[in-house]
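Shown next as structure tokens: one chain only, the form predicted alone.
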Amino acid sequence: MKELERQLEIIKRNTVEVIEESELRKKLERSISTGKPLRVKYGIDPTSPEIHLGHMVLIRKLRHFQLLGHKVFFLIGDFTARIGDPTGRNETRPILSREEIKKNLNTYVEQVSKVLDVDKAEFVYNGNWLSILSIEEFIKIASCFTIAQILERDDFSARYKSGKAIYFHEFMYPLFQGYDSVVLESDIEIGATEQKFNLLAGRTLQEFFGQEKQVVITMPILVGTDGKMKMSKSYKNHIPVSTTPEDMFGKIMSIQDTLMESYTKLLTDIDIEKFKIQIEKNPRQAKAILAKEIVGQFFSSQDAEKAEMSFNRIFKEKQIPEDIPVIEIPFSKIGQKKVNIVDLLFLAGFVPSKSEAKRLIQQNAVRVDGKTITDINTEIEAEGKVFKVGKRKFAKIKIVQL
């Protein structure tokens, strides 16, 4: 059947594992013959307000399912975020408040819409069913798993052997994620490779509740800009979707050459075999093509062109960008003409903390009107001066009387 093979090829593209492919074939055959779309689940906990390119590897796969005519359920874990996914963690996550979670998820739909057709996706919140789960129902769910099974997980096993605490609420996380699949009656769930245990929990619970087991599809993990760890805000190596075209372009240009192939395969539709030849011939030019392609997806081709021009102006021609943002600081916050550079960087919003400001100064990453600041005790008159913080942050300071 040509349509079956076509869908299989698209679905399996860039995946790590399909559990089980024979089950996927049967589900697709039934969907094609009946015209009934498959129910595809993807979950994300709003533990941060930013969605980054690492998330987009999976969201692009969801878009593939949409283009094949299937139904996507974008599950926002407003309940499970209060537990914190222990996957890949060597310590317990902090428990988030309802207010923090609500603040984080406010921008999710807008960010996801850059890739996903949000009008054809159904956004669901697991707090709607997990928050009213009875003790009796939870005991039924918990009876499907042994403590030994959960302790076999690499992250739990490592913590247990090293004597680090594992709290009971962390054991509940995979159970709740699995129960989400029961409620949604999902046919397919996708996730990163590190999520395999949680994804398989859905199959276990669906079978227990008399449902057909979901097919589990795992996707590769995108390495962050540091070239070592998975992309994550926690590791400060992420490229957020809700940034500027210039910032996104610059951060992609900063990735190691060895990451170009994976970024191309996982984040674009560029022909990878042809692109490998381009990488070998001219890595710098290839990376610029890659950066323009990715920026164009999340913004526009015009924005991508401008971002490249700005990057070249700053890094190749050593010029200051044309449109420097102006940051206004009330005089009442400073109280005098001269102000300490650390305090100023924090007040202007260049850095999230004064310790980060000190770190950047000590790394010679702060320039004022072209002059590198090396002393954290430096005091300057900020009015009208151009600040460069890090490789790409430029701004002019304006002191205003309020």
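Whichever C-alpha set is largest while still superposing within 1.5 Å between the two forms counts as the rigid core. Each residue number is its position in the shown sequence, starting from 1. Predicted, not measured: the structure shown is a model, and the values here were computed from it.
Missing here is the form predicted in complex with the RNA; even so, the following discussion is about that form.
Of the listed positions (Gln336, Thr374, Thr34, Ser353), a single one reaches within 4.5 angstroms of the RNA by any non-hydrogen atom in the model of the complex, namely Ser353. A heavy atom within 4.5 Å of the RNA in the model of the complex is found for exactly one of Asp271, Glu122, Glu136, Asp257: Asp257.
Although the partner is absent here, Phe171 sits far enough away that none of its heavy atoms falls within 4.5 Å of the RNA in the model of the complex. Taking non-hydrogen atoms only, Lys287 approaches the RNA to within 4.5 angstroms in the model of the complex. Proximity of Met253 to the RNA in the model of the complex falls within the 4.5 Å heavy atom cutoff.
Within this chain, Leu28 is remote from the site of the RNA in the model of the complex, having no heavy atom within 4.5 Å. Partner contacts here mean any heavy atom within 4.5 Å of the RNA in the model of the complex, and among 356-364, 51-59, 34-42, 64-72 they occur only in 356-364. A movement of the C-alpha atom of Lys358 reaching 2 angstroms or beyond is seen between this form and the one not shown when the two forms are aligned on their rigid core.
Fitting the two forms on the rigid core leaves the C-alpha of Arg13 displaced by under 2 angstroms between this form and the one not shown.
Once both forms are fitted on their rigid core, the CA atom of Ile376 lies 2 Å or more apart between this form and the one not shown.
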